[in-house]
Every structure is written in C-alpha cells, then in structure tokens.
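For reference, the chain that follows is the form predicted alone, supplied as structure tokens.
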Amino acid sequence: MTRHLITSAIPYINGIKHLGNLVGSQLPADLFARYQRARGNEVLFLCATDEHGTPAELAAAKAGKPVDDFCTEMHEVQAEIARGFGLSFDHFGRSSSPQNHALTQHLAGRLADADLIYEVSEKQVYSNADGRFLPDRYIEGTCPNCGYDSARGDQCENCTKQLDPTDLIDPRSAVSGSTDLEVRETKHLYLRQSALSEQLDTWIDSKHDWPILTTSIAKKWLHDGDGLRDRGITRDLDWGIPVKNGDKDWPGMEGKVFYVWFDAPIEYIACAGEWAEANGKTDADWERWWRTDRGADDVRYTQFMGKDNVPFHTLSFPATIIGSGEDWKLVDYIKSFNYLNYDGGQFSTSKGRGVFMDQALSILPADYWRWWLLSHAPESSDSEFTWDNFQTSVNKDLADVLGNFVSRVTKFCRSKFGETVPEGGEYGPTELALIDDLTTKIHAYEGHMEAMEVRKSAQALRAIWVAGNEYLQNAAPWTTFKTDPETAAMTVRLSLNLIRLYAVLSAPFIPTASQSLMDAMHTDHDLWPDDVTGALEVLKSGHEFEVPEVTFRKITDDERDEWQIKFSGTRD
C-alpha cells in the first residue's frame, strides 16, 4: 500500500470560482485521490481557502462586511460548493487558521536564522486616490514583454513573466483605476531565493517524470535574464499573518503582514494540522505525512495546479522548505494545467465571465460537469468550453453509451426475468473474448490514471463502456430469448455484473452516478477489479436489483441555446 499526500492549489476567498479554476486544480486532484483510495492506498487529500491579502480586503469592503466575517462566510460557501461537486477533501482548511499563523512565523524565523531573509528599504507604489500602498498584484498596466494590457505588477498572467510594478507601461490602480500614483519609501523583508537557485535547479532536474509544462515554466524563471530573483515576503496591509520571528516581534516590521504568496503554500502543511485537530488526532498523525524525520519518507506527494501557480510551487515554496533546514516533505510530482477558455474568450473571476461553480450546479448535476471537464482537461494545451461541445459529449458519452447500456439491460431483465439476476448457462467464446478485452482495457485505464493522464484516462474509461455496449448489441438477448432463453439469461447476468463493474471503475470520474448504480444493484461490493472474471460474478443468480432512474438524461437543443444566451454576458 502506498501513501499518497495530495494537495490542490488553494482558491482565493474573494468569490465563487469558475469552471476553469475547478478543472485546473481541484477536480483532477479529486480524480486522483478517489482512484488511489479505490486501489486500497492511504490518501490524505487537502485543500483550503486562500484568505489573506488585498483580494480578501477588497471583496469584504465591497460586501460591506469585516474581512474576518467575510472570509468565514465565504469559506463555508466554497466548502458547500466543493461538496456539491463531490470533491472528497479529507480536510478543507483556511489559510487564516492559528496553525498557519504559527507555522508561517516559525518558518520565517528559521529562514532568518539561516541568513536567507534580509531587510530592504524600497520604493513602493502608493495610490493617492485609494489612500494606501498598492500590493504588486493591484497595480495593472501593459506588460513590457508581451504587450498584454492587463498585466499585474507581480506577474503577467498572459506570458507568466515575473514583473515589478515599475516595469509596467501606463500603470494604474486595480482598486480604483486611478493613475494618480506615486512612489514612497517603505521597508520590507525579502527571501534570498537567489542563494538557493542551484539547489532548486538540481532538484528540478531530478524530476524526470514532471510534465514539460511544469519544468519549462520553472526553468524559465530560473534562467531568464539575471536568473531567479529574491522576492519580498511582507506587505503594508492590515489583514494577514503578522510579521514575527517565530513567536517574537520583528523589529522594524511592526504593523506589517507576510505577503500572501509566502503564507498560502505553507497552509498545505498547516491544513494537515487542522485536519488532525478536527478529527481528534495528535501532532504525530499529521507529521507522519509531512516530516521525513517522523515517517513521511514513504509518502508520495502530488500537487495539482494551473500553470500560473507553477513558479510559486516549483521555486518559492520549495525555497522556503529547503531554506528552513528542517525535514519537511518536498513535492514529488506537480501536475500542471493550461487554461480552459470559455466560448471564444477567457473565463475570468474578476470580470465575471463564464460559468461559475454554483451556476453550473443550479442547472445540471455535478457528474455532467465532472465528466466534460475531466475528459477535456487542458493538459497539453489550452482547451475551450463551448455549449455545443458540452451537449455533444454529455449526450454521446454519458447518455448514449453508459446510460443507455444500464437502461437496456435492467429493463429487459425486468420484462423477461424479473428484478433478480437470472442464472443462465456458462460463458461462451464471445464472453471469454469480452473478458480478455476488458482486462486489457482496464489495465490501460489504470496506467493512464497512475500517470495522471486525465484525458487519456477518460478515453480509456469510455472504451470500457463501449465494449459492454458492443457485446450487448451483438449478443442481442432480446432476440436470443425467443429460441435460447438460457443463453439470453447468461448474457443478462453478465451485463448486470458489468453495471456494477462500471460503477466501481467510473467512481473517480462520476461518483454520484456510480453510487446510484451501486444502490440500484443492491450491492456495496466496491473492490477494484484486479480479476475481471471474478468481478463479473459478484452478483449471483437470484440477487435482487431495481431498475434505476435515468442515469444520464440528454441535453436538449433548447436548453443548450438557452444556457448559451444566459451565460454569454458577465456575472452580476
């Protein structure tokens, strides 16, 4: 049994996320977590809300609420939506937790002791219209590298180049839009990332199995221009983790907080502490996942994220962990994703463009979205959501292939044999050939899942569904029954067992529908099918079942057109 530590990039607290956010981190992480649990492995799957920084402050001000109250409310909103999508987090934490406060301050102290933090007197942009210093990400302008006109002061999301606010052409406040900006002097702490660049480079080189997308972005940051730059880890804000050296005050840093990029990844670790506390466990229970000196040597740690988060997870967070000199678990594999675009443009949380997670659940059950998003995951390149494609995929894959198979088998059995598994005769050459074919296809499915090849996994699962449909169509028990009812009964018995098999194999992708099929088959036998022959004999003759409700219904043209119009603008 392997132990899998799995984390998803933590979503900002400032609003409900869109489908592009979902498929870029949380959903494929859930797919992998569910698969590894199904294979009998021990899994700790963690996520949290990212609650610090200006985005939280501005969202709270817009809502007319104190920032801590706003974050508490939005955490529960995001947690409830995550439950709605079947995201099987072992814990969904908060970066504002006491655990993250203490651990962030502790690690900052360790870095300071290692001479990896230094003080800089620097000039920072101040907005007269807003009456405040502006964090880098709240200064916008044109990127000098690619010309993108909405680049942020810390990074251009279009070309991923690291920036300083003074690099931007025609800078403006992202808060008010004002160009009445001036530069004032302030003091901040910097993490000496440059001192760790060789160690980071060697570490990344050792990850031969990482996706090209992940390593290419990391290498670009390491080697472009003057190489990896040191990075500020404090900000002039009220909301955040107070700057301390362990539990001691940090002279000269009074009234400042740690920059959100510094404390947010540390929440992955702190979240495990929250999980332990919430479940009556001890520190040893979470440390065995995160401390290599306390049992985490045999843990395989996988992170899931969109490509815009890659630099922080391949460089900045590892620099914090390595620089601390403590025995923390470093990530083994980073699964990164490109962008999911929306109907000819981009999804955008800030601009309210696209379908958001709560809106999606209001019109269709989660499994419809899970299937489409995972089967179209933007792995090797950006992909695009269109309503035509969504309708086609749902109707052809879920309704016509899986749903149709379930409906035909159960209804035919009820009409000829009742709602019990019939006995029938022994398997013939056709059935044995099917078992061999399924065995090959399931092994292929397992290989893609282990490699975290999301789209290929979906294709392999669909091929398994198709194999059952083709068998049923060729065996034609509705015809055979007229002359050879015993053979027809055998076909139906095998096909009913296929439904249970499909439920088990499909659960990582479509967990709610899979559980419904298990319930309809009156079984809780959900062991992974290492032996296909045995798996097709779980439901014995005489075993009762019931004809399920429609597993997946088709999306009509009218619905498709209505939704395309409804979501063509921006969210209020």
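Heads up: residue numbers just count along the shown sequence, starting at 1. We call the rigid core whatever largest set of C-alpha positions still superposes within 1.5 Å between the two forms. On a predicted model such as this, the values are computed, not experimentally measured, just so you know.
What comes next is about the form predicted together with the RNA, which does not appear here.
Candidate site formed by 50, 339 and 473: every one of these residues places a non-hydrogen atom within 4.5 angstroms of the RNA in the predicted bound form.
The partner is not drawn, yet in the predicted bound form one stretch among 238-246, 119-127, 141-149, 359-367 has residues with heavy atoms inside 4.5 Å of the RNA: 119-127. With the partner removed from view, the residue among 36, 514, 54, 523 that has a non-hydrogen atom within 4.5 Å of the RNA in the predicted bound form turns out to be 54. Think of it this way: in the predicted bound form, the RNA has a heavy atom of just one of 77, 444, 466, 195 within 4.5 Å, and the residue is 466. The RNA in the predicted bound form comes within 4.5 Å of a heavy atom belonging to residue 228. In the predicted bound form, no heavy atom of residue 277 sits within 4.5 Å of the RNA.
Heavy atoms of residue 354 never reach within 4.5 Å of the RNA in the predicted bound form, leaving it off the interface.
In the predicted bound form, no heavy atom of residue 21 sits within 4.5 Å of the RNA. Residues of 301-327 placing a heavy atom within 4.5 Å of the RNA in the predicted bound form, in sequence order: 307, 308, 312. When the rigid core is held fixed, the Cα atom of residue 468 travels less than 2 angstroms between this form and the one not shown. In the core-superposed comparison between this form and the one not shown, the C-alpha atom of residue 136 has shifted by at least 2 angstroms.
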